[in-house]
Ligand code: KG4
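In the form predicted alone, a lone chain appears below as structure tokens.
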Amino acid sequence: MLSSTSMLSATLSRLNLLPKPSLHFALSSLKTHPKPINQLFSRPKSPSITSKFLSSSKSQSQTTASNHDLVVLGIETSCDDTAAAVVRGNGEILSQVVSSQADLLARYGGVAPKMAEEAHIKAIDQVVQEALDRANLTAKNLSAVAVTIGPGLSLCLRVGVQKAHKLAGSFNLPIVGVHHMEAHTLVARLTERELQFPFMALLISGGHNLLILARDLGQYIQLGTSIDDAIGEAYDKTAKWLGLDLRRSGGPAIEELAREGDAASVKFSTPMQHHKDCNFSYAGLKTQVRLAIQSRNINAETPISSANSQDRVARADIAASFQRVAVLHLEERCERAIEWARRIEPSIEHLVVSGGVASNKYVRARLDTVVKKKNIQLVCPPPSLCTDNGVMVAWAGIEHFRVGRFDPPPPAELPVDFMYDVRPRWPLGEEYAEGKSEARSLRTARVHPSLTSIIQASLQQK
């Protein structure tokens, strides 16, 4: 097994901080050539754009023009949606295309990685081409290609990364490798242009629960994370056990049915109440729900549409009771995380809530009460930008491209055995000491150093 130092060194070579062939070349050049930074390295396809972003002395009008000229294609295939979008540097969304795997989710009761990979392979070319067509552009008009490289399902990530390399190689375009959870975080800065660092973010989806302090672009402190199942997984499993229609995923199905139920009818225990940290656990709540369903003789084979009135009431009560406790767990963790974050950054004024579960209106309403008690503001991207999408990837690519963090264009022809950079398990930030769980850390193998540690090490070397 590689040491953490060797892993970090290997990863650094793939995360370029300036427009250049390699980080090693850049560092050695800086030592021997006292030239302006934007003259040291090979330029990307649009040198005028990059030089404006790299020079802090440029006027606001020049930066605005650059923002308009910068055009990035974002590609997202980390899980079960094939997505692409084209976004300008000024935040204008030129196109957004998503190919859903809803039928596969309904058929298999969740994500089946191999089936998901095959669906991505079938859809990726059409989705990318449609995104370009809707934007009335061709690949020649792009400044760069941004693509999710992790975290996610490796089989699925590879499809998007291969497409990005093929397109970028064919048209001599730089590539920006994007962290999926950072993209969920940064998309709030697209929709709320006044949102400045530092701020907090709660990222909630099918695979992740994450509470972070965003201190700057690429600089994150992890306040809390999932120690087993994420809230989205709990929603999906509960929906499956209740015989709900999964073609829209479990979250919307549970939220709709819960409106008919009594949220106090089933006494579920709130997870981790004796743990004074900001981590999340939904495995125990899932077990409670499964037992409650069994005790009421609810048969998941009978869809909700065919249930009699008594059976429907029982299902609605479980859905409402589950949702109340699942979200209460979020509320309690957020309250503590706000207190922790203010010790580090007292100026925090915003909590961003993003990820697929952030589309849930009940979740938003409950978290809004939390932030109001703490005198900060809730920022939620529109639902179409909360679920996995290409816009968030393109925008994250734009933010990093502006400061020179991208890889140069790949060769037009790559060898058959080329090792694509995908990072299925990739932490976003370093753990806050007070919330660190040694037991969880030992169980969780780190395939890659965190994005934050990579960037910090690179900045120190520069």
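All residue numbers are counted from 1 along the displayed sequence. Note that the structure is predicted; figures quoted are calculated from it, not measured.
Another form exists, predicted in complex with the named molecule; not displayed. Remarks below refer to it.
Candidate site formed by 355, 359 and 388: every one of these residues places a non-hydrogen atom within 4.5 angstroms of the named molecule in the model of the complex. Interface residue among 205, 238, 225, 185 relative to the named molecule in the model of the complex, by the heavy atom within 4.5 Å criterion: 205. This chain appears without its partner; in the model of the complex, the one residue of 233, 317, 117, 277 with a heavy atom within 4.5 Å of the named molecule is 233. With a 4.5 Å cutoff on heavy atoms, residue 250 counts as touching the named molecule in the model of the complex.
Within 4.5 Å of any heavy atom of the named molecule in the model of the complex lies no heavy atom of residue 229. Proximity of residue 180 to the named molecule in the model of the complex falls within the 4.5 Å heavy atom cutoff. Considering the named molecule in the model of the complex, the lone stretch of 304-312, 91-99, 379-387, 141-149 in range is 379-387 [heavy atom distance within 4.5 Å].
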